[in-house]
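Take a look at this single chain in structure tokens; it is the form predicted on its own.
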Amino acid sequence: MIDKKFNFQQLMTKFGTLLALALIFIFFSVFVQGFVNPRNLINIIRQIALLTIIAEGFTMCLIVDELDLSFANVASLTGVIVAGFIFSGMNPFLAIIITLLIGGSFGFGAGLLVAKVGIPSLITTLATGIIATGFIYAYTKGVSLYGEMPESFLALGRGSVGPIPSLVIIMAIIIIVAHLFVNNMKIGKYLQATGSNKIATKLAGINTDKYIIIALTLSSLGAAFTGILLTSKLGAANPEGASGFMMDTFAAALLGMTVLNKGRGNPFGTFIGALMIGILNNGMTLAGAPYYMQDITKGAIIILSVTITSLQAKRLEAK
């Protein structure tokens, strides 16, 4: 009897969030007309592509037990920068590379301040996010950027391979690479060790400062790439184009920490978190729910899911 109870608790701890996702999907499939239409399902995956990509970067910070509050600002900045480069006639590939370097420099600089100076990542990235916003308005004067863009650049955000949108393909590649990076490479294992116990990891001879810097840089690179893809998708750039990613990214990554792990960030879990948010947004929109109800429901489900999983984990640890 004890073994069965233990196994049930262990099962819920590991798969509780996946079960919640399945139940939500089944609910909308049964009660919302058109939800399971293949076009709609593809649309859900397309809608969460950018959210997943930016959240995978943010997850790297969670893995080392740090926070990044600048990712949405960095994404907005890189979105307008790449647009400006392309409208000025720069080669799209070169524009993307330079923009990624600019975006990544924010995370690298923040990482140095956190690791070498000792400023908390919460304060550091809040400040770098404000700086990024200042650069946005200095660059755009508060005006959206419009113009003609090369088809090769627009294909990143608007193209497709057969029935599969290019954004979905890019998202899948990012998820797979992030998963292999974190779980199968030495650098990923050191990131996890740094987040689990910085002091013990440092005593083991591992340079934890280095991995904090890497994590924050990867977060900014993920944000920068998202900003580039957003501009490609829209064919234009808005000074606050990526601001809407802030809360959903937090939700996706934090919800992902309850998937298959006990409170640790992981790339696959982040995708599941983004998928849950995408399904909720789409299903409630099709059901005609008011926008505020979508926010209330998402928040409640996230809290409930995290609470149940955390309680189950504590019970298992007490055994």
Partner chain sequence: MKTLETQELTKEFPGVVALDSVDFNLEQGEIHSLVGENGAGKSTLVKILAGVYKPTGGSFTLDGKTMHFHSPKDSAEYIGVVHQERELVPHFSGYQNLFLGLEETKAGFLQKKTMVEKSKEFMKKYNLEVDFSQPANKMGSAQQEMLTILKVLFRNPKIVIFDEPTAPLNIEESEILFKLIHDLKSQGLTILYITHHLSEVLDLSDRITVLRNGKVVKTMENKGVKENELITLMISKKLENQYPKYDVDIGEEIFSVSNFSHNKSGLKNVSFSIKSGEIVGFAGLEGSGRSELAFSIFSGKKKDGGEIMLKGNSFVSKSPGDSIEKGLVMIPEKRREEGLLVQMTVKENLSLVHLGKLTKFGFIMNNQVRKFVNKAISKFSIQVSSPLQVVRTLSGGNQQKVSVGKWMGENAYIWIFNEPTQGIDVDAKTEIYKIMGDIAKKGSGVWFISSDLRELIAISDRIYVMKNFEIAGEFTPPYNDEEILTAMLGGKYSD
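Nothing here was measured: the structure is a model prediction, and the numbers come from that model. Residue numbers count along the first chain shown, from 1.
Beyond what is shown, the protein has a form predicted in complex with the partner chain; the following relates to that form.
Practice item. Could you work out which of F108, Y190, F85, F135 is the residue within 4.5 angstroms of the partner chain in the predicted bound form, going by heavy atoms? Key: If I apply the 4.5 Å criterion carefully, the residue I get is Y190.
Point to revise | Of S144, N91, N197, S243, the one that lies within 4.5 Å of the partner chain in the predicted bound form (heavy atoms) | key: The option sitting close enough to the partner is N197.
Exercise for review: Pick the stretch from 202-210, 114-122, 147-155, 95-103 whose residues have a heavy atom within 4.5 Å of the partner chain in the predicted bound form.
Suggested key: In the other structure, the partner sits against 202-210.
Exercise for review: Flag R264 as yes or no: does it have a non-hydrogen atom within 4.5 angstroms of any non-hydrogen atom of the partner chain in the predicted bound form?
Suggested key: Flag for R264 set to yes.
Review point. Does at least one non-hydrogen atom of A127 fall within 4.5 angstroms of the partner chain in the predicted bound form?
Key: Because no heavy atom of A127 falls inside 4.5 Å of the partner chain in the predicted bound form, the answer is no.
Check your understanding: Does the partner chain get within 4.5 angstroms of any non-hydrogen atom of M185 in the predicted bound form?
Key -> Heavy-atom contact with the partner chain at 4.5 Å: present for M185.
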